[in-house]
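Coming up is one lone chain in structure tokens, specifically the form predicted on its own.
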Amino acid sequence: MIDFTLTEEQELFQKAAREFAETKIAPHVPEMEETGQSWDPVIKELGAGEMMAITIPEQYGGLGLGYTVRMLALEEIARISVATAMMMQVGGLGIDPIVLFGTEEQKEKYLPGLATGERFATVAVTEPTGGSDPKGCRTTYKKQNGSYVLNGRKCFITNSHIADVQVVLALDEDNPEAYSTFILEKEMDGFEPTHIEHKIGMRGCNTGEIEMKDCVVPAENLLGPEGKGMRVSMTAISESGRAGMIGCALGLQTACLEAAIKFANERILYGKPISRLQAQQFKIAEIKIDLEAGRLLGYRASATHDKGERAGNEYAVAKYFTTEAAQKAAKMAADIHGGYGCMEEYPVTRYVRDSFVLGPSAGTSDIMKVIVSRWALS
């Protein structure tokens, strides 16, 4: 027998996350939409609400609740603000490599502050020469006077300008086959956040570029074995990053469903609510069906992960399905709103914009299909 029910602990945290999102995050959404900024107060709320502590082991100040709870929390936060959920999930993407590959000293140094939100994190892999192909990395490192010196540029980095801790992938200057991962801090000489991107959606979620010019990184900040950095980075992206995007997509789908139902019940046409028109019922049904299917795929993948098993393939399936379904749900919700779906006073316009940012993040839909096809053919 397969048990699809959440545990009592998971249900309690899910309810707490919903209350947290509605009371602590929702008030910041209008400002985030209007200015494209609201990072500091939102980050402080995420820390105070223990949202950054979910997957950090208890001995380092975390909650140790696992990836299903993290996905549930992200879904609830994304229902209110996908931008905030995106910052949270990429913050977790920076945390996980330290949890999985860090030395005891690195864990003790970084994890307690990351758990409380005193520090915030990210992962910097993507470059102008390689996004879907991480081996396009051109940021280099070399050993010098007992330290490492990094040079290069990263782009499309979520939390680029707000992260205190950045897990950076670089290529050995003398060995084009060796990649290593380093923990950088924003105060390090030679490290600088530069260009800020202005995205179509997820306003208030910082995305930009970082640059390293002769950035000196202490030897103790090498994360994982030297030359094995690709495994460190890609394990984080394939497990933590894609899991986070699933949670973001599920939250957006839920918001679309709720907005569609509310408008359809209140909008009167031909003397009756449009929710009684079959054409609108079918749209709502499709959003609901995709949401339920996505939850089953996402929760299965996270449950597999929580058992200590590799879940990269399962996450790829769920990431593809949910992010594609989120775009579909946003369009259908906007269609149900008719002309009002083009007016920014209605949140569905934000949902449409946000949905288009979900697809490329943590691996495009085409890359997910490549991963799934390899799984099927293996």
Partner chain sequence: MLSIVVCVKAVPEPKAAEDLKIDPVTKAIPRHDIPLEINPLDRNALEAALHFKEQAGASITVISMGPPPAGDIVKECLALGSDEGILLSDPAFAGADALATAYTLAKAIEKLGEVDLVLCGRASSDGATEWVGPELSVFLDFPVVTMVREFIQFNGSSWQVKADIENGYRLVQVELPAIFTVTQDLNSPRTLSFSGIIQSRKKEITTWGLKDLALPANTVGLAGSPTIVSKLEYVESKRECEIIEGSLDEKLDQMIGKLVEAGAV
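Positions refer to the first chain, counted from 1. Keep in mind that what you see is a predicted model, and the values were worked out from it rather than measured.
Not pictured, yet referred to below: the form predicted in complex with its partner chain.
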property	result
Non-hydrogen atom within 4.5 Å of its partner chain in the model of the complex for each of V168, D172 and E211	no
Sole residue of I336, A318, V348, M51 within 4.5 Å of its partner chain in the model of the complex, by heavy atom	M51
Touches its partner chain in the model of the complex: A17 (any heavy atom, 4.5 Å)	yes
Contact label in the model of the complex: E9 to its partner chain, heavy atom within 4.5 Å	yes
Exercise: A325 in contact with its partner chain in the model of the complex, heavy atom 4.5 Å	no
M332 within 4.5 Å of its partner chain in the model of the complex, heavy atoms	no
Contact stretch among 39 to 47, 340 to 348, 307 to 315, 23 to 31 - heavy atom within 4.5 Å of its partner chain in the model of the complex	23 to 31
Heavy atom contacts to its partner chain in the model of the complex at 4.5 Å, residues of 59 to 90 in sequence order	L63, L65, V69, A73
